[in-house]
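Quick setup: one chain, the form predicted alone, written in structure tokens, and binding and motion questions come after.
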């Protein structure tokens, strides 16, 4: 089965992306919800006016003009969701990797006996699955 390259977007996807980015730009400009909604309706009307465009040369030209207009009218301080890249809480909460639990003191592990019993069993199952799929590591590789 042929794979579609991940970086290639259809024209419709590009238009949808432009529309969404334009809406987010409007959100940055208008803090009053009713004013934002009015501007969003006007924006949607501009997109709907050319929705049935069949001439791809004209459609690509409109898309290029839209991208340029958005670039020229972008807000100087865009809004970001708090946990999105650029937001104030992006990557604020660090989730420690699973291997950190291997370094817990035995008295700490004793507070959660069922969890660590199941965890050790799953580790053994994972190692067995790994060795079945990839084979056991060579002895000479362990010493290097």
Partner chain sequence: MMKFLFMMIFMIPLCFMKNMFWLVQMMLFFMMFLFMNLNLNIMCFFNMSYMSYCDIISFGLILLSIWICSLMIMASESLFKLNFYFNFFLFNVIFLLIMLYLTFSVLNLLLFYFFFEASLIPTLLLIIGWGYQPERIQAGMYLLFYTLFGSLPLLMGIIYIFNDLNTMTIYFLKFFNMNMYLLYISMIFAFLVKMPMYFVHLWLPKAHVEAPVSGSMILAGIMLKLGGYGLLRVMIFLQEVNLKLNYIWIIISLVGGLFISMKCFCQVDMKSLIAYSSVAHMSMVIGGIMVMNYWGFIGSYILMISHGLCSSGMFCLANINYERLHSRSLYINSGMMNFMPSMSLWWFLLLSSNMAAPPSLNLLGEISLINSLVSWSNISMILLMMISFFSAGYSLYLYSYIQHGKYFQGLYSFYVWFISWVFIIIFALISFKYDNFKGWFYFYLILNKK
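Just so we're on the same page, rigid core means the largest C-alpha set that superposes within 1.5 Å between forms. Computed from a prediction, not measured in an experiment: that's the story for all the values here. Residue numbers count along the first chain shown, from 1.
Note that the form predicted in complex with its partner chain isn't included here; everything after this is about it.
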property	result
Listed range touching its partner chain, judged in the predicted complex by heavy atoms within 4.5 Å, from 92 to 100, 59 to 67, 45 to 53, 109 to 117	92 to 100
Residues from 18 to 55 in contact with its partner chain (non-hydrogen atom within 4.5 Å) in the predicted complex	none
Core superposition between this form and the one not shown, C-alpha change of residue 130 at least 2 Å	yes
